[in-house]
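In the form predicted on its own, a lone chain appears below as structure tokens.
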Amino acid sequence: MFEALFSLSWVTLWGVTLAAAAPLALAALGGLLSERSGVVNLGLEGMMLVGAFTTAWVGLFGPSGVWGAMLGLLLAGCAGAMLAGLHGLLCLWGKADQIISGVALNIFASEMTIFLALWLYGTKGSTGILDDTLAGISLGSLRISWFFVLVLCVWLVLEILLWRTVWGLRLRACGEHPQALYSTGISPYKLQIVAVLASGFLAGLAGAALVHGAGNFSKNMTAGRGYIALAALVFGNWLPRRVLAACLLFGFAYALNFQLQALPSNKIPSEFLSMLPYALTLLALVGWVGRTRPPAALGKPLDI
């Protein structure tokens, strides 16, 4: 194994790390918005999946070139936001259990995208190959995904929005003590639905990043990344910079898996390497139990 590690191209490894971390970070930062408002969003996996399917559909049947790619991103975000809106409707107005709602939406998104793929493409497997419009930018021999640049922009906006604006103060208050916020004449419901919709939009963009990275859509291609994004959220203690760092760590595990499997000299079983991101997620969470503090009102239905 150590011989394989020394055989790696580290520049390529870091480029793949940034590309692998981008969808995790977009989904995790979206989840941060929702959970800072007090709404648990376990449906990130499903929102990523519908975003990925929408991007692939636009890429195959929509306009080509940069404008087609931009349209795909916009519609992917909207698809994720629509599923998030259903989550908000069930949890905020229907008072449904937020965890059950999120898991149910993940199952619904998985089966719906398989059905639509069968209907549109005649197969439950993968769609056709998309063009490479959003491949990335090159800095010397290092190739940086455009989606990671988007991640940095989203992270910067959230850092400013949550800690340097009145709206951010109200959102955090909504997740800590919504009754106190309501007593000032501000509706926690409005803040929560905006946060949930924004989380779905970012998760949809995360799905688009997966499709552009893979070159096509395949069934259940998220492969648990929505749950890993939630783990990064916990690991990062609901703070944007720490969440981003956690996503880079998990992205490195994905990149190491891909790079080691591609080496001719590698003798490690591919099944073992495929476990790396998930094993690292479990180890990180086990080592971090008791050191994090979620928003006080997280997952609690509003009683105002």
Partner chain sequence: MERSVAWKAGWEGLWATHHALLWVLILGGLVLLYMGESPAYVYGLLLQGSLGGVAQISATLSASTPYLLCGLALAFGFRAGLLNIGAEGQMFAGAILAALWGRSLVWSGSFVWLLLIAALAGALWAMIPALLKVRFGIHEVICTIMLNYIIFAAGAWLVRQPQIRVDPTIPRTADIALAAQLSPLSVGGLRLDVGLLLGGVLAWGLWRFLRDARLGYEVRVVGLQPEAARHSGIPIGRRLILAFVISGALAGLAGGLYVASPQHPYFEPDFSPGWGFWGIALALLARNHPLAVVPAALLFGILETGASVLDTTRGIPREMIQLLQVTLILFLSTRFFQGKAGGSDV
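Everything quoted here is computed from the prediction, not taken from an experiment. Residue numbers count along the first chain shown, from 1.
The discussion below concerns the form predicted together with the partner chain, not included here.
- Remark: residue 11 does not count among the residues lining the partner chain in the model of the complex, judged by a heavy atom distance of 4.5 Å or less.
- Of the heavy atoms in residue 286, some are within 4.5 Å of the partner chain in the model of the complex.
- In the model of the complex, residue 255 stays away from the partner chain, with no heavy atom inside 4.5 Å.
- Taking non-hydrogen atoms only, residue 95 approaches the partner chain to within 4.5 angstroms in the model of the complex.
- Between 171 to 179, 218 to 226, 71 to 79, 199 to 207, the stretch whose residues reach within 4.5 angstroms of the partner chain in the model of the complex through a non-hydrogen atom is 218 to 226.
- Between the options 275, 60, 239, 245, the residue in contact with the partner chain in the model of the complex by a heavy atom within 4.5 angstroms is 275.
- No residue of the trio 159, 186 and 297 has any heavy atom within 4.5 Å of the partner chain in the model of the complex.
- Although the partner chain is not shown here, in the model of the complex the stretch 87 to 106 places heavy atoms of 90, 93, 94, 95, 96, 97, 99, 100, 101, 103, 104, 105 within 4.5 Å of it, in sequence order.
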